[in-house]
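Only one chain comes next, encoded as structure tokens, the form predicted alone.
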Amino acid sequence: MYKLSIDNLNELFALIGQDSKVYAPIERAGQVEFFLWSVEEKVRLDALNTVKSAKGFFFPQTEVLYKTKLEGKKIEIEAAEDAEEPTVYFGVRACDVKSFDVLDKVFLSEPVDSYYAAKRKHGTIVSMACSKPADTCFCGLFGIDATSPAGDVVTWIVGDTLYWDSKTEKGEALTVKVKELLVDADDVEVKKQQTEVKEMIAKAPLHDLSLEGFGGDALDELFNSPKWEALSSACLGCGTCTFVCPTCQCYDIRDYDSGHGVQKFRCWDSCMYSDFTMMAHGNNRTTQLQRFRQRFMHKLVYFPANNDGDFSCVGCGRCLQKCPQSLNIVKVIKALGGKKND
């Protein structure tokens, strides 16, 4: 394990940025998002969660797949932008790191999504442990340890010190690159912080959630539950929950006529929209109840049924914070499942 003063963060980013892009949580217009780092930016490693998740690193909100150019009767096809530039993603929280495992099951399964795979291959994840979880956090429900996240390099901030521990081959390579800024350290302060944070989590409002009764074996019972009507009645179908969610992976593919040719691009979509998967005959889910049910059945039943019991949620709490109607996966879990010791 190593450490460095947080006063040297810009030096660290600059050193990494000599041959790699660097993304970090940056504050703009009062909100914190992951943006490309530059020395003029205001880095906010103290922010617990960015507004949107880190899934956009590998599955961007909008992504050009290829371009075509028409000259007379000749059509030229131009490949997508190069995704092979080394990139370091700094300050990713444990929940967002776990979301990459969920997305991997979707985009790296056959047939492999080459756009996603290229970004994963050339990306290095520097995760950051949580020191003060929010009341809306419940990542522990999905086996995530917020005090010791996964990642190529794991970091902790204790006081004015950043602790650094490489975990993978990519992490070791990055450590060698910035070694001049690091000094050897023990893990005494890190372990102390981990103990304190785990005590906070044990007292958090959502610590007693339970997934008992969810999963592939409960498909018929949950699908036919009469509780969906009350749960979905206030849903506006705005799609906010899907756009802030780290694990939602629905997308649409469209064409854009630039006047000089056509760009084929994909963009995030939402199963909460009335025209989602619209076909010539219409849509198979014609009510908001059906669309609402589909979203949560997928996360809590369909996905684990097809992925060895892994759920398509990481407990980041963004949907709890952002839904204008206060509808979220926690309400669904409580209504259809229960709490520990019920």
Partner chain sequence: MTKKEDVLIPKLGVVTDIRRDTPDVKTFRVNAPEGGKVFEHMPGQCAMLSIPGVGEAMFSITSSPTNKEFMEFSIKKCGCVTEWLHQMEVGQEILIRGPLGKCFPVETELKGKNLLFVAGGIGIAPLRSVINYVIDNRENYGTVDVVYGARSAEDLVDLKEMQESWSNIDGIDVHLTIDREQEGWDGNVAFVPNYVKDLGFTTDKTVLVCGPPIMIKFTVAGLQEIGFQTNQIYTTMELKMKCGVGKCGRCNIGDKYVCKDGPVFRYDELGELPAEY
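This one's a predicted model, so the numbers in the text were calculated from it and none came from an experiment. Positions refer to the first chain, counted from 1.
One more form of this protein should be noted, the form predicted in complex with the partner chain, which is absent from this view; the next part is about it.
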According to a 4.5 angstroms non-hydrogen atom cut-off, is D145 in contact with the partner chain in the predicted bound form? no
Within a 4.5 Å heavy atom cut-off, is F34 in contact with the partner chain in the predicted bound form? no
Is K264 near the partner chain? Define near as a heavy atom within 4.5 Å, in the predicted bound form. yes
Since only the chain is shown here, I'm wondering whether A202 would be in contact with the partner chain in the predicted bound form (any heavy atom pair within 4.5 Å). no
Which is the contacting stretch out of 254-262, 136-144, 151-159, 92-100, given heavy atoms within 4.5 Å of the partner chain in the predicted bound form? 254-262
Residue within 4.5 Å of the partner chain in the predicted bound form by heavy atom, from L231, V197, A218, A80, is A80
With the partner left out here, which residues of 176-202 have a non-hydrogen atom within 4.5 Å of the partner chain in the predicted bound form? none
